[in-house]
Structure formats: C-alpha cells, structure tokens
Ligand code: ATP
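Heads up, the chain below is alone and in the form predicted alone; it's given as structure tokens.
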Amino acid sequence: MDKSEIKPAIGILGGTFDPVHFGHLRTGLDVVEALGLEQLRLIPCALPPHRVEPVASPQERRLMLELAIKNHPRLVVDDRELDREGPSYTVDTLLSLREDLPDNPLFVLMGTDAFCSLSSWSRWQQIAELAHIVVMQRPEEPMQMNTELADWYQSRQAQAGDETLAYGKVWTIPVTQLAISATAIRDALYEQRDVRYLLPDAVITLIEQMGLYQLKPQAS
C-alpha cells in the first residue's frame, strides 16, 4: 500500500468513567504516543455487561469526559454506546465504528485484567476481526490467561510494521504505573476526603457543582 493511502490509526478506550481520572487519561496517552495514533476515542459505556451499573448518569459521565480532555487535540468523546439500547458490548461498538471507518487501523485499549478475561466476553474472537487489541500493562503486572486465550494471544502478537494493518493483532504496551480507581475516588468523595491530583480539576469542580457522589448507594 502506498503511504499516501494509509488511513489514520484510531484508538478506542471504553469504560464507565464514573468518574474519569488520570489513570484513564495518562495510560491512554501512553498508547497514543507509543503507536502514533491520530486520535483516541473515549467511549463511555451505557450499560456495562461485566460491572455494576454506574452511579453517575450517562449525561453526567459524558460531560465529565468532555471537560477532562477539552485541551488535548487527539482525545475525543464518542457517545455511540450511550445512544444504543441494551448492554454495551465491545464487538457491537466496533461493528458500528467500522461503518464509519471501514479502512482505518483501529486499536481497542484494555488493561491486563480485562484482557485476561477476554474469553468470557460476547463474541470475543470477532473483536480481532474488526480491530487490533492493545493490552496496557503496568510495570511488573502479570498476565494470567487460560490456555485458550494464551494460545490465541501467541498466534496474534504484533510484529514491527503491523501498525498499518486495519485489524487482527495484539499489542502489549507498557504504561505509566498509576494505581487509581474510580471506586476509590467515589469512596473518598462519599467520605468527604480530598481527591485532588487523582483526576482533573475541571472534573472535580463539576462533581462539586452537580452534587455527584455525595451519598453511597445502598447495596441491593
């Protein structure tokens, strides 16, 4: 393929972002720089199939994301999952993205824990028929996979030059060690503790203005 025909590479980072924090943003940016991505789309999940329902509403989480990334030209919010009914399955999101970006290299970002549970995801093997997978690995973080996934991972490991392919490979990218979790941030807010330097100031201000995460939800 002539270099002039190569489409820009697009990263995809999904999550509840409840709330978005520096652990999401810094590791995503690490991948953008490592792979030279043109853009990273942050896709807030409407109804996560593997997690409890988010505390903040879809609109609130989207607004927090928009404020968090407003000054970075390569980071954008993509709200297609918020407009879709039912559980937010990654493969459905990729099918939707492929309608808009049929030839671009797509890179789905996920942490090691998520990747190591990949074989439990809906239509998981189809994901690599639509995009590359990027495993964001923190320093000395192990990857403990079952045999089926380990064999699949070995057969799809990316090599130099695979960046121009539209899909099909698995990349393992080292990322900044930031042990920040949205759950811990919410717990700190419920207890009225200071969460500065864990997430962007603009997001903290919005949380205060909208009165988010004031009362811990009761377990059902």
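Since the model is a prediction, treat every value here as computed from it, not as a measurement. Note that residue numbering follows the sequence shown and begins at 1.
One more form of this protein, predicted in complex with the named molecule, exists but is not displayed; see below.
Site residues S88, T93 and R123 are none of them in contact with the named molecule in the model of the complex, judged by any heavy atom within 4.5 Å. Stretch-level contact analysis of 107-115, 124-132, 142-150, 76-84 against the named molecule in the model of the complex, using heavy atoms and a 4.5 Å limit, identifies 107-115.
Of the candidates V32, A158, I69, A182, A182 is the one whose heavy atoms come within 4.5 Å of the named molecule in the model of the complex; the others do not. In the model of the complex, none of the heavy atoms of L165 sits within 4.5 Å of a heavy atom of the named molecule.
Under a 4.5 angstroms non-hydrogen atom cutoff, the named molecule in the model of the complex has G23 among its neighbouring residues. Proximity of R138 to the named molecule in the model of the complex falls within the 4.5 Å heavy atom cutoff. Put simply, L199 is far from the named molecule in the model of the complex: not one heavy atom of it is within 4.5 Å. Residues of 14-35 placing a heavy atom within 4.5 Å of the named molecule in the model of the complex, in sequence order: G14, G15, T16, F17, H21, G23, H24, T27.
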